[in-house]
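Just one chain is shown here, as structure tokens, and it is the form predicted on its own.
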Amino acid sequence: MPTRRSTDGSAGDQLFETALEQFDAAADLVNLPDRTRSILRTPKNEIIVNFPVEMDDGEIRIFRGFRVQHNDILGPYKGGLRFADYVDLGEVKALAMWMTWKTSLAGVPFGGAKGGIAFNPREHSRSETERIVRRFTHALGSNIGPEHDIPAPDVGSTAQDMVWMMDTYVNAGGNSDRQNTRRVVTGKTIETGGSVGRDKATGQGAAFVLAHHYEQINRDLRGQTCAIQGFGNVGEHTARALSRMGVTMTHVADHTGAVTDPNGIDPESLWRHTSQAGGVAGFDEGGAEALDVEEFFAADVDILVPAAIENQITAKRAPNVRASVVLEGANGPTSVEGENILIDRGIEILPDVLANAGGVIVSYFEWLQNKMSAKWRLNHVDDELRTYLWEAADNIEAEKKRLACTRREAAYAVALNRIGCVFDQRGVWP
């Protein structure tokens, strides 16, 4: 069960400090020039918009939205939109920075950005949510664009929200550009220009990354057990993909509670339950029983998948982790102190910049399809996704061996070397 965070900005600021600490360690490792380091430590643009929205009862409420554009040296800014009452600037800055490393590592021609609106969509009707999303899009104006900054879904936002954003944006432009600008967002519904496979991309990608790791260590993934924190889009599709690979999910937790069944929890059955109940709490099919969240993190499983929010495997929880592999489905789920403890204990960490990169990779595929007025088949999307992630994972393993460093540092090294090379060639003008 994710820990709720304060909304005073302190949690987000701390998260950004974590992102900077990780960056500095990798920058030292690859001897990144000071001039490039100073650029990458600071987001290029930090946009805050306050906008009015009429509620269903006629009341006018002011909402606050964010869009942080970290860096675009490799291509248009790219990153999701988080809808949650705890969203703040510090959090969005950290997530935008991580997106820059993620797109570079994945080898897609995008930069890094992130955004959000400080509201809980569960507390609003569909019509209110639509007005909030459309007003936010209008407030951003030309700060987003199909060749400039391309939002996507994230925690709390959906494909429908992306459709509303796209429709608002394209209808604010010239008539001749309407169809050509559908790629202003990705993660849309299939009917409005989305890509098949995008809804499951992050979870499917995480499963591919885990399969690559098991192949590297010459172990059979089939027959392994896993515990998954978070059963939203990422957790659900990770569970489904791992189930197809022969992995048994025995523990699941989310914001409502945690459940366990040593004989395995069927992802489809749990999805039906969460769709009705709003969370995993109360799931009792088969032999499923409730358990405490701290018991969840100490579960006796092979693989732990934190796929909820950041800062979940802390210095307090890390000593109790019994899994041999941590697959980071969420962004920043492991604190720096927690990671050091896991590494000292010999636990393998498959870092977020690789493990959850499937979403942005298939977003790139969607953007390409929109640009070319093309439609790819699902098997082609999955094959291409696996190819991109396999190459990224191979590059990390080679860099990890060359630099004798952690896997996260190796991932950052691959990303920073690519970015640094482009900065060297392009320079800073004027």
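In this text, all values refer to a predicted model and were calculated from it rather than measured experimentally. Residue numbers here begin at 1 and follow the sequence given.
What follows is about the form predicted together with a small molecule, which we do not show.
**Student:** Does the 4.5 Å heavy atom contact test between K102 and the small molecule in the predicted complex come out positive?
**Tutor:** Residue-level check for K102: yes, a contact with the small molecule.
**Student:** Decide whether Q204 counts as a contact residue for the small molecule in the predicted complex under a heavy atom distance cut-off of 4.5 Å.
**Tutor:** Because no heavy atom of Q204 falls inside 4.5 Å of the small molecule in the predicted complex, the answer is no.
**Student:** When the contact criterion is heavy atoms within 4.5 Å, does R183 count as touching the small molecule in the predicted complex?
**Tutor:** So R183 does not count as contacting the small molecule.
**Student:** So in the predicted complex, is the small molecule close enough to V353 to count as touching (4.5 Å, heavy atoms)?
**Tutor:** No, V353 is distant from the partner.
**Student:** Go through 150 to 158, 211 to 219, 137 to 145, 258 to 266 and give me the stretch that gets within 4.5 Å of the small molecule in the predicted complex, heavy atoms only.
**Tutor:** Comparing against the small molecule in the predicted complex, the contact stretch is 150 to 158.
**Student:** So which of A308, V87, A94, L327 reaches within 4.5 angstroms of the small molecule in the predicted complex, heavy atom to heavy atom?
**Tutor:** Looking at the other structure, the residue within range turns out to be A308.
**Student:** Which of these residues, N71, N233, S195, T334, gets a heavy atom within 4.5 Å of the small molecule in the predicted complex?
**Tutor:** Looking at N71, N233, S195, T334 one by one, just N233 meets the 4.5 Å heavy-atom criterion.
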